[in-house]
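What follows is a pair of forms of the same protein chain, given separately as structure tokens and numbered structure 1 and structure 2.
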Structure 1
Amino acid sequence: MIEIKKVNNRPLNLLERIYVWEIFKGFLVTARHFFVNLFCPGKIITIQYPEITRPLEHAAKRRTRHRLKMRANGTPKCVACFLCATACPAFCIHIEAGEFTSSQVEKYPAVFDVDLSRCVMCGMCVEACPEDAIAMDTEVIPGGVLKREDMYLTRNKLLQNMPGDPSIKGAANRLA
């Protein structure tokens, strides 16, 4: 059997109808928080981001900003097979292939762009890559930027991103 709760719909008194007492109670709560934070700053749970950042936990499971991996000879591991762009549900990866003249690898990405404003951070590009050339392990969470151009990662930016690199973490996770 379903239990029905009866609600007491009593008429409001004068103070409740003009909301003076309720506004005053809200002011008291705000004042209490203000003075507790003023005199006991150790109890404040707010982090002064971007000056102070929290370490990322379980970084192996977290998908952060993209990077392209490089071979030992300094060339990108990517062979421009377009599987990452095909697997991307947001269509945020743009690749144009170029050809090596004197190398065992036939193609390389002449253009490899990632539009972070469209990316949904699903990691499908990383899973689809047969060469293990793209990773999402830089520990930099893409955040807000002032210009839309800063949300585009070009091939050079993707090759510069290294996991745990302090130069790309910076204040407010700015894009290099």
Structure 2
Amino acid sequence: MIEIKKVNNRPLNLLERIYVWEIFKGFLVTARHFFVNLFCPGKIITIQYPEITRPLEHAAKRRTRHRLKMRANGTPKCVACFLCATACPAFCIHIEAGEFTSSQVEKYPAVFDVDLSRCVMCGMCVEACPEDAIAMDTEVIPGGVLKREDMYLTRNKLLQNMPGDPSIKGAANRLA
């Protein structure tokens, strides 16, 4: 909540111009904060992310770590059209297409990497996807890792809903 504070710009009186007393008052303020936080550390509002997370609110839930949806036969829904990579403002999606020989669908993503350390979580890739193949609904918030590799999602990691689970959401498909 932002409040408007009216500043009284009157000229300083003598005590304020001497400055020593005002410094002492300021000193007391900071010292009070110091001792209060020293003896009751529970009052500090810092959240020790990644160990402690808050439940996400409203629309923030809609844009979390990516996943790729699968068809019922277990192939990725993605047709490697590159629209998400084109729409991505952070250039964090890297796709290399592979070719189906027998299916009506021509292409599939042989490589589909999302660099989460670059991703700005804007959701443009989800908006751009014509196949509804990419989603950002895992409710996993990326970040707080100790190695760069942990921020780099490859195709196999993306094909899981949550770490360890095969994709089940959105499995129905026109081509199944």
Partner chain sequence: MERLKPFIALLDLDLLLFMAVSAVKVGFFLGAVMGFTAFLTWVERKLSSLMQDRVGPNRASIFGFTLLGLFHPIADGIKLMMKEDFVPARASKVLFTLAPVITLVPVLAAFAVIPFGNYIEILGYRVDLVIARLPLGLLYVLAVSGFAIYGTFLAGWASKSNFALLGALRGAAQMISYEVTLGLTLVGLMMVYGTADLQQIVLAQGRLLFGVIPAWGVIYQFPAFLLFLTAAMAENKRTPFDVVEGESEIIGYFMEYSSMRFAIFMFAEFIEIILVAMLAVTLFLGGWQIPYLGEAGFLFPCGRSIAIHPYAVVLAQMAAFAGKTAFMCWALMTLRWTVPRFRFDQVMKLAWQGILPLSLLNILVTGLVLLLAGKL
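Predicted model only: the values in this text are computed from it and were never measured. For clarity, a rigid core is taken as the largest C-alpha set superposing within 1.5 Å between two forms. Structure 1's sequence is the ruler for residue numbers, which start at 1.
Give me a 1 or a 2 for the form predicted on its own. Only structure 1 fits here, because that chain is the form predicted on its own.
With both forms fitted on the core, check whether the Cα of Y19 differs by 2 Å or more between structures 1 and 2. Yes, shifts by 2 Å or more.
G123: Cα shift of 2 Å or greater between structures 1 and 2 (core-aligned): No, the C-alpha position differs by under 2 Å between structures 1 and 2.
Is it true that L146 shifts between structures 1 and 2 by 2 Å or more at the Cα, once the core is aligned? Result for L146: no, shift under 2 Å.
Superpose the two forms on the rigid core and tell me the Cα shift of A31 between structures 1 and 2 in angstrom. With the rigid core fitted, the alpha carbon of A31 is displaced 11.5 Å between structures 1 and 2.
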